[in-house]
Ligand code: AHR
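What follows is one chain in structure tokens, specifically the form predicted alone.
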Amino acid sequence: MPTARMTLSPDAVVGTVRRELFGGFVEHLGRHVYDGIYEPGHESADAEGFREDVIELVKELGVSTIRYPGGNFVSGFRWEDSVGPRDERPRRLDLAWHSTETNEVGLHEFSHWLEKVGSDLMLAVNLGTRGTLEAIDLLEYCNLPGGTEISERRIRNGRGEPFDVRVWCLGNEMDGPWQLGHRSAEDYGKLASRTAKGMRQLDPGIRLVACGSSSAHMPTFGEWERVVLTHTYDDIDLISCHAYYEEHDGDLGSFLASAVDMDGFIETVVATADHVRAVRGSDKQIDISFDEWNVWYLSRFENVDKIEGIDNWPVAPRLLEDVYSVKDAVVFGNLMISLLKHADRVASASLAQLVNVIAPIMTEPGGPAWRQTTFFPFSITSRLAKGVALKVDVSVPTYETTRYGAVPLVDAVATHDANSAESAVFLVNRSTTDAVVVAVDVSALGASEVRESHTLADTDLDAANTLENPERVAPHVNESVRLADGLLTVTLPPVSWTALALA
């Protein structure tokens, strides 16, 4: 049986664990909004038509800031369509997902939903088919108390107090040829800079996110960031990263090592941002908003679910409704470990998405809502990770992968909160055949008690939670955990994710 050793020290600080790391993403896509968070005819619907069973699951998930309304959707979106009397809102074609948007749920309604789930709003502006003026108008609508035509329009629409949105995304995936309004890094950088300057003239206190690469495997990756930041460095606060992972051609070993790719993605963007900083002689640091990440079987969408036809524009079609397995959840949990391992530079992150669409929460119209396998690593990590992230050097054997070469069998990160003297350790075992015994020296943390242990594993790696069997997969208490004389030991089953809470 392979073994792993590590030592935890409260002095080995990576960075503060910011609550914004546990953000989410809601896009007007498929059944995310309609039949997802919003279903007026459902027995659990509240007075505004929002499903209360979904609200409770989102609260349990523990999401902080939620990015909205897209995504690819935003690049064809007229924000004015989503405000005002519902019966006067236009139906529009959504070219991104080949659907019809009814605008029944808009900015006001979604903000009410955010209040119910206890999350903050991160708003994306359309820099694909629109520009600087429309972005400033939306900011004025959201954040100006009153006294102008646009701000008074918000008041007439039922919102007296400003929405006071603090974080804004300057477009979405503008490096992608699939994006409405796609343009070069040079052209996007100039537009983002102009828009940021204009928005700050109205509200200097907002935080702005420029579009980085939509994948580390884009042909423009790295150079895109350099050019965009050369134009926008003084105007923005964050640059985005987007990454999705799936198992290709049965290559489970590489899939389980997906976090290696995320680590490299983050570190390359950080290096590029710091290069631009050095060239400019700036004392300002640009951090990362990893505002789209998940396991997503994109190949299924391209080959099966894609909607086409000039006369075929459905409302809320079933799109991107991936069913997540145990192995997907283990990879997902490892991606969260990567985000925590880079807490010094990843200032925020948004799980894409929340309900029905590549989501940890699923619903059936008129029926139940349930947790997918990926729900558990997110909800547990969001609850236990606090204080600071600690650097963990794992001494463990490696295994060979097709995509990434030699990769450690075990990946791990820890957090420590000095105020409460509570710590947490998060681990994955990537071995498909062997359990791994892990020994962790926690004496420097003063830990004397294991308050919680959670392991997600199953002999059937394809096991999933479905409408027919919604509780097939769930974490279990890891009975192997021992803590004595400052040494924590635990056995990690093959292909597993584990979280331990210490006091």
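Each residue number is its position in the shown sequence, starting from 1. Just so we're clear, the structure is a prediction, and the values are computed from it rather than from any experiment.
There is another form of this protein, the form predicted in complex with the ligand, and it is not shown here; the text below is about that form.
Contact check at 4.5 Å (heavy atoms) against the ligand in the predicted complex: all three of Gly71, Trp178 and Tyr244 pass.
Among heavy atoms of Met199, none comes within 4.5 Å of the ligand in the predicted complex. Among residues of the shown chain, Glu39 is not one whose heavy atoms approach the ligand to within 4.5 Å in the predicted complex. Proximity of Asn172 to the ligand in the predicted complex: non-hydrogen atoms within 4.5 Å are present. A residue is said to contact a partner when one of its heavy atoms sits within 4.5 Å of a partner heavy atom; Asp458 fails this definition for the ligand in the predicted complex, lying far away. When you look in the predicted complex, the only residue of Tyr324, Phe255, Trp97, Phe378 with a non-hydrogen atom within 4.5 Å of the ligand is Trp97. A heavy atom within 4.5 Å of the ligand in the predicted complex is found for exactly one of Trp296, Tyr141, Tyr188, Trp168: Trp296. Of the candidate stretches 27-35, 467-475, 440-448, 48-56, only 27-35 has residues with heavy atoms within 4.5 Å of the ligand in the predicted complex. Taking the ligand as positioned in the predicted complex, the residues of 350-379 that bring a heavy atom within 4.5 Å of it are, in sequence order, Ala352, Gln353, Ile358.
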